[in-house]
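Okay, so here's just one chain, in structure tokens, the form predicted alone.
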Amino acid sequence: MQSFDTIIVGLGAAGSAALYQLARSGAKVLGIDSFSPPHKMGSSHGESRITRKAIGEGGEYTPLVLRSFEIVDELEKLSGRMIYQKTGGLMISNENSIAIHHVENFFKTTIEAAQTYNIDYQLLDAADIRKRFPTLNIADDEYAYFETDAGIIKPEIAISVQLDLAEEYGAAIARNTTVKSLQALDNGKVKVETAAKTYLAAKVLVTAGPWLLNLRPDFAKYFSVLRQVLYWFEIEDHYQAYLPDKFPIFIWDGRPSLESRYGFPALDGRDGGIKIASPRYDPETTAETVDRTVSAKESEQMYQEQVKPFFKGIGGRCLKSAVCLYTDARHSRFGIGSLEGESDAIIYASACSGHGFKHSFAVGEALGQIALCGESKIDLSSFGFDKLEAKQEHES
């Protein structure tokens, strides 16, 4: 039975980051994934993810993203590849919004985090927004927070870079390999069984995203797996205004009766369109059974409700779409750590609740530190499983 210091189950955002960090430290480490990452079967694809420094989901997240910015800079220098693209970030809200972007008081908490951590930002009224971003149909009662260093993380590149570097540092990777079971042994080690082989490890990090429920169905009391659709709509007019040097990433609170929307500038030329999405929190699904097709009716509804009323020059033709998955806990919390009453040799990192990629570089580093030293430099106590609330009965 081959033995490792650490085995990582799932090589998406956090898993690839942990593999890189552990391999770089000199640990004997194995990464296992049911597919060949980066892939489209989980939550770590779709060409772009928003990154921002002031985190409206809670001030405890901001240290993670600030450290992630530093790690990304290191990765870019080591690999010569661009992972982060600075565009600025626009968070638009209004006094009558009933939408919740992950949490209540998102806008207010964002400002508080920026002030606490001395993050560069500006507050804009409706006239300011119209002047700076004239292709947005801004209502008179809307206002915005603009963050200078917000921008885009390229998820597939980030994962590829970290896996490549991990292998250079000596990590082993088992692709297209499904873990069947984990068993904590009396000697303190963990037996990891796959269809082909069985391994031993001093520590196991489980970063399987929506596939975690296959290993631990009981985690369904904490997590919901949710289908999310990403859309790229054609740019019919004002193409120059949607380029990354003029147009920011955005998170736009819904006006009454509408959900929020978020999106990106035109990243892939005139024919690439603009990527826009609106998070949905029902119905629940699973990583195995989710419908990965997107109907013309869905695209048309998205355009009519969330695109046409708000953006000038964006046409109704959906150039492409993608389905990804949120593994969502109540109040959009993270779950990181071992489970009370179970072996501390098995460490779980899920859910990311739809806002994890920007933090994943620091989460991976912290997981590596826990595996090697028993604790991380960044305080993760706010994310322990004892802090997660079980889903309410009948909650979707």
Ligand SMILES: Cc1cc2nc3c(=O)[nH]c(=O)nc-3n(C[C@H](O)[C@H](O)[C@H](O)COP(=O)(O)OP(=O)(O)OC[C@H]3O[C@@H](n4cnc5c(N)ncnc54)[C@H](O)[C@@H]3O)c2cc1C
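Numbers for residues come from their place in the sequence shown, where the first is 1. Everything quoted here is computed from the prediction, not taken from an experiment.
The following text describes the form predicted in complex with the ligand, which does not appear among the structures shown.
Undergrad: Decide if the three candidate residues 262, 351 and 358 all line the ligand in the predicted bound form, where lining means a heavy atom within 4.5 Å.
TA: All of them do, each having a heavy atom within 4.5 Å of the partner.
Undergrad: Could you check which residue among 286, 178, 109, 148 gets a heavy atom within 4.5 Å of the ligand in the predicted bound form?
TA: Here the answer is residue option 178.
Undergrad: Among the candidate residues 266, 325, 161, 114, which is the single one with a non-hydrogen atom no more than 4.5 Å from the ligand in the predicted bound form?
TA: Looking at 266, 325, 161, 114 one by one, just 325 meets the 4.5 Å heavy-atom criterion.
Undergrad: Name the stretch: of 128-136, 294-302, 165-173, 205-213, exactly one has residues whose heavy atoms fall within 4.5 Å of the ligand in the predicted bound form.
TA: In the other structure, the partner sits against 205-213.
Undergrad: Indicate whether the ligand has at least one heavy atom within 4.5 Å of a heavy atom of residue 321 in the predicted bound form.
TA: Residue 321: no, not in contact with the ligand in the predicted bound form.
Undergrad: In the predicted bound form, does residue 50 have a heavy atom within 4.5 Å of the ligand?
TA: Although the ligand is absent here, residue 50 would touch it in the predicted bound form, with heavy atoms inside 4.5 Å.
Undergrad: Check residue 33 for me: does it contact the ligand in the predicted bound form (non-hydrogen atoms, 4.5 angstroms)?
TA: Looking in the predicted bound form, residue contacts with the ligand include residue 33, since a heavy atom lies within 4.5 Å.
Undergrad: Could you confirm whether residue 11 comes within 4.5 Å of the ligand in the predicted bound form, counting heavy atoms only?
TA: Taking the distances in the predicted bound form, the answer for residue 11 is yes, it comes within 4.5 Å of the ligand.
Undergrad: Does any residue in 121-145 get within 4.5 Å of the ligand in the predicted bound form, counting heavy atoms only, and if so which ones?
TA: The stretch does not touch the partner at all.
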